[in-house]
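The data below hold one chain only, encoded as structure tokens and taken in the form predicted on its own.
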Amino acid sequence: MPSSKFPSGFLWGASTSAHQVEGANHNQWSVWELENAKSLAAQAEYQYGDLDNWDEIKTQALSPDNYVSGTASDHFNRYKTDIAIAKKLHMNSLRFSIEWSRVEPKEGSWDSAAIDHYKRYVDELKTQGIEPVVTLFHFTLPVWFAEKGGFEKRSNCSYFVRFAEKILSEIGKDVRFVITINEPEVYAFESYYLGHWPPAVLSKKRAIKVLHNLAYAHNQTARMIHGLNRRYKVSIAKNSNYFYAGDSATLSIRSAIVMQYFQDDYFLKKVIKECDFIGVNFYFSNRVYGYRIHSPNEHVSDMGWDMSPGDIEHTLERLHERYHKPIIITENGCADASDKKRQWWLAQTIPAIQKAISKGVDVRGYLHWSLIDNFEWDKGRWPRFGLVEVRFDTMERKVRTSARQYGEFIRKVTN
């Protein structure tokens, strides 16, 4: 990896999300898990049987228990341990999310103990010299909000703005960076178009409606936050795949352009005026032939995703050219239980970021997904994204070799 310096104040760290690591949550996701665990296990071989690592994950993937988050990674109770690991790895930033269902378990009823927990969480980060990056919506909702229709109803967005205002009134003095919404298209597409996630709706019309309402929710929330104090830096975490034509055919070229537009610009254009920077989540590229995606798959993650980590350079350059905003990479990583691919991933990704910076792209941070192994939504525990391995039976933490190399790199470029 490159040894030269990155910009002063560059954020080096990792990301988590509350439902995926905390454990013992009660929200619309935890209810859905219990209702669907058996069917998810029954479908596992059909869904994942052609993966190279099927023999390794088979037992876990076929178990209904795999699809119930339960204690997750017990980060709620072990956050000090995990933050201490981040500190030992020389990280200066950590992205985490606030679980709305903990803070407001019933409409209009704030849980002071939950709020105090997040206050202590931020205090611990600041004590360790780690910059908090707070996410307000990372796919999970309070049951009462979901029963009201969630983000299908624009009028419900006021509840989200109220939640954001409450959180910042409690922890805002120690926070600068706020992500309002994580991967809006992924949430709308998986939950309201494909029906893979709660509320498991199959409706293009409702999916588009939710997507537009998420843009509205961000804009309203960002205006409120900026009204509190302009020192806050607000954005979304935008999932951005890189689309490119696999040949010189006009159809392939035009298809890639259209796909890229709907991947990035359709939503970003609705919110960019209320973004101080662009949060980028990058995991893979898509090679287009004609109007279909046929990626090379020379390197694939444990989830079967094509791995072309160096393509993040093209994503960063495109977003810079289009929007002229600072960029923080809010998620980037690969599922790799053996830890044989993650080292290569980092060694490809970080020079690509440096190349983008050398071309004038204003990149201000890199947050790897994820700090610790987590509960990966409808796939359960077998995908291992963590820099730190978690033994889910004992909750023992073990720092992976790739994490040590990442930490040593951070030490070199920040000293």
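Throughout, we count residues from 1 along the sequence that is shown. Keep in mind that this is a model prediction, so the values were computed, not measured.
Quick note: we don't show the form predicted together with beta-D-glucopyranose, though the next part is all about it.
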For the three residues E99, Y118 and F160, verify that every one has a non-hydrogen atom within 4.5 Å of beta-D-glucopyranose in the model of the complex; reply yes or no. no
Identify which of W29, Y67, W369, Y48 has a heavy atom within 4.5 Å of beta-D-glucopyranose in the model of the complex; exactly one of them does. W369
Looking at N281, N286, N213, S255 here, can you tell me which has any non-hydrogen atom within 4.5 angstroms of beta-D-glucopyranose in the model of the complex? N281
So, E331 and beta-D-glucopyranose: in the model of the complex, are they within 4.5 Å at any heavy atom pair? yes
E376: touches beta-D-glucopyranose in the model of the complex, heavy atom cutoff 4.5 angstroms: yes
Contact label in the model of the complex: T315 to beta-D-glucopyranose, heavy atom within 4.5 Å: no
I'd like to check something about R78: if you look in the model of the complex, is any of its heavy atoms closer than or equal to 4.5 Å to a heavy atom of beta-D-glucopyranose? no
Can you tell me which of 169-177, 134-142, 258-266, 315-323 lies within 4.5 Å of beta-D-glucopyranose in the model of the complex, counting heavy atoms only? 134-142
Which residues in 10-32 have a heavy atom within 4.5 Å of beta-D-glucopyranose in the model of the complex? Q20
